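Shown below, as structure tokens, is a lone chain in the form predicted on its own; questions about how it binds or moves come after it.
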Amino acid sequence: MARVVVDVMLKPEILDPQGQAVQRALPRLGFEGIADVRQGKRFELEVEGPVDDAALSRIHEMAETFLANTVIEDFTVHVDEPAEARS
């Protein structure tokens, strides 16, 4: 099985109150030097069968219609390489 990752983030022009709260808390916790924080969502999909162009197109459609609110969010779709390939 292959893993496909869909990352969903608020569009840059949309305020991110959760990201702002994290950013304000970081210095109080001793983490300095962070200029901005944006919070998003990550979906990891285990795909049965090959991840070909048709499968990626279907996942893109799924992300566009169900996983992301495209009025306020952007998303990316990519195939995640196995952990042993990253080493």
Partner chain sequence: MTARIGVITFPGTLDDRDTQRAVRAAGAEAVPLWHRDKDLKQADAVVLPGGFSYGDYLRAGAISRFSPVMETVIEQAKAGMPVLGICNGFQLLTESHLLPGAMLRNNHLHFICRDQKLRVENADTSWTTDYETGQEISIPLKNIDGRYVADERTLDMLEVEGRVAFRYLVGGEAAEGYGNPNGSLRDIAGITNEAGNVVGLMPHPEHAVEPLIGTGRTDGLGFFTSILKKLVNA
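Numbering follows the first chain given and starts at 1. These numbers come from a predicted model, not from an experiment.
Just so you know, the form predicted in complex with the partner chain exists too; it's not on screen, but the next bit is about it.
The partner chain is not drawn, but in the predicted bound form it has no heavy atom within 4.5 Å of residue 12. Though the partner is left out of this view, residue 77 does not reach within 4.5 Å of the partner chain in the predicted bound form, counting heavy atoms only. At a distance threshold of 4.5 angstroms between non-hydrogen atoms, residue 23 is out of contact with the partner chain in the predicted bound form.
Residue contact check for residue 41: one or more of its heavy atoms lie within 4.5 Å of the partner chain in the predicted bound form. Residues are counted as partner-facing when one of their heavy atoms sits within 4.5 Å of the partner chain in the predicted bound form; in 30-69 these are 41, 43, 65, 66, 67, 68, 69, in sequence order.
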